[in-house]
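Form predicted on its own, single chain, as structure tokens, below.
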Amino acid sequence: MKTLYLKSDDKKSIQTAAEILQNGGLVAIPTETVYGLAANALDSEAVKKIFIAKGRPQDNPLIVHVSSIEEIEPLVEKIDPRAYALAEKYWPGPLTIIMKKSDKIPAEVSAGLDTVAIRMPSHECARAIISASGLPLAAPSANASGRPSPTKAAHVVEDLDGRIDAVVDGGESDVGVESTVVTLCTDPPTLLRPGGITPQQLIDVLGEIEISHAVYEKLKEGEKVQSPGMKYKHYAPKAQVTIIKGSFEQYKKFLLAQRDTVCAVCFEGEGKHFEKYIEYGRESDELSQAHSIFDALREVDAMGCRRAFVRCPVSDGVGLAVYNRLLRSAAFRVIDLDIKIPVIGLTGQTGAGKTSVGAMLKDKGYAIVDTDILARKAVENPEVLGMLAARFGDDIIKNGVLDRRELARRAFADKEGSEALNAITHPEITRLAVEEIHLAEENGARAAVIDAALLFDSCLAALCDKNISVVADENERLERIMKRDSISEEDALLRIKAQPPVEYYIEKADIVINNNAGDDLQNQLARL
């Protein structure tokens, strides 16, 4: 299929788009939110083409676009008076209203629900095409399913060229995130998806609303999708996205500690501190953030970055919409660096007695964050498992369970494999470590101790206020390892030689604990 490229300021192009829609075709049209992939909402066969072109799951409902209030009546059982009040205030504009549907709406549009989502876009070209076609248009975002939504015609072409009949270039979308979705089928009305119309603006008209838990968290097991944009992972580039909460100084320290090349997705004026960066709006201006966020997420892939760390917006006003989109883009991966208790890194040579020092700190009221345990938990995450399988082979997963021994054999066969393993697992280990630290805060711990054998080779050190290295003489360590692991002197020496020299641990530590026979550990720990 050859995709026609049409211009929004050309009357002939508007008519061509309308005719394609009348004949059951697909046309990507500009709106003030994002570009939509439009089809005749009353033609189930035309609507099915949307799902095929996008690769969109069938359980994800579509929004029906109209060009006037009068066009709503045939689409619903009965128009809720509150819909008129909302329309008077915010239509045309970035607001979608859900009501009980009429029999005219095919099941494909509503994903089998008894409701229909309707909105009237403010983009003149969109309304002109709807009017010229004489049809209500079902139109999800005009992107490949799961990808960042398109705010330019070029984004549509990038994802769907050759898979749809036409794209109408109407310039860059003004709002930049999809419409607010509110359902009037609950009491009180429920905000299902935040957008350009804020919760407070809805309250100003409706008096009271609830905000769906799915705005902030994953859908519960078996819970139906009531609105577009509620899927677990959505709006995502190919790169792995992580949201970072905290001050810019915390963000900068954390990113500069990363062991591979990453992309900083930050606010205007902050990018100069990083090698690779994309700025998405001003820190205090959520409208500029909304306008730029999807373009920024697409740019991450264009730059060739495997990982992107996004400065967290304020989840208020239109900022709530930006935060919601980022949550799904990151598959809910958030690292909150705003930590209130001291964090201490604990590392050391094998056999030096790091575990003994950790036990003493625990007795003093310090919470121990064991990264060996977290590493095992990290590979239980389905997304991490998927990335490991893609890199090291599907057969490392047997009956849904990771074969850790086989993964280790392949990953540690060469430096490239080892680096790939770390790049996949370390972000999740870090996220889990930060969760443990915040849990320690809640439970009243004096401090948190990150126990990590490879502390200085990971970004975990950036979380720490102080770092402790536990060291001991080689002969002392040799005896301990042989006794602890029931291995030969030769095997114990191999383990010792595989680690960096003692100078490495001393140079990078704030506090060095010597743990030879006769050394007073308690007295040395008193320095904390």
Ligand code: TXA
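The shown structure was predicted, so the numbers you read here are calculated from the model rather than taken from an experiment. The numbering used is simple: start at 1 and walk along the sequence shown.
Same protein, other form: the form predicted in complex with ligand TXA, not shown, and the subject of what follows.
Visitor: Gln15, Cys125 and Asp165: each with a heavy atom within 4.5 Å of ligand TXA in the predicted complex?
Guide: Heavy-atom distance to ligand TXA in the predicted complex: none of the three under 4.5 Å.
Visitor: Just give me the single entry in Ser141, Gln289, Ser329, Thr151 that has a non-hydrogen atom within 4.5 angstroms of ligand TXA in the predicted complex.
Guide: Comparing distances to ligand TXA in the predicted complex, the residue within 4.5 Å is Ser141.
Visitor: Among Ile468, Leu62, Ala28, Ala41, which has at least one heavy atom within 4.5 Å of ligand TXA in the predicted complex?
Guide: By the 4.5 Å heavy-atom cutoff, the listed residue in contact is Leu62.
Visitor: Answer with yes or no whether Arg56 is in contact with ligand TXA in the predicted complex, where contact means some heavy atom within 4.5 Å.
Guide: Yes - in the predicted complex, heavy atoms of Arg56 and ligand TXA come within 4.5 Å of each other.
Visitor: Evaluate Ile481 for contact with ligand TXA in the predicted complex, applying a 4.5 angstroms cut-off between non-hydrogen atoms, and reply yes or no.
Guide: No, Ile481 is distant from the partner.
Visitor: Report yes if any heavy atom of Ile98 sits within 4.5 Å of a heavy atom of ligand TXA in the predicted complex; otherwise report no.
Guide: Yes - in the predicted complex, heavy atoms of Ile98 and ligand TXA come within 4.5 Å of each other.
Visitor: Could you tell me if Gln226 has a non-hydrogen atom within 4.5 Å of ligand TXA in the predicted complex?
Guide: Taking the distances in the predicted complex, the answer for Gln226 is yes, it comes within 4.5 Å of ligand TXA.
Visitor: Only one of these stretches, 358 to 366, 307 to 315, 385 to 393, 186 to 194, has heavy atoms within 4.5 Å of ligand TXA in the predicted complex; which one is it?
Guide: Heavy atoms within 4.5 Å of ligand TXA in the predicted complex occur in 186 to 194.
Visitor: Select from 88 to 127 the residues with a non-hydrogen atom within 4.5 Å of ligand TXA in the predicted complex and write them out in sequence order.
Guide: Going through 88 to 127 in order - heavy atoms within 4.5 Å of ligand TXA in the predicted complex - the hits are Thr96, Ile98, Leu113, Thr115, Val116, Ala117, Arg119.
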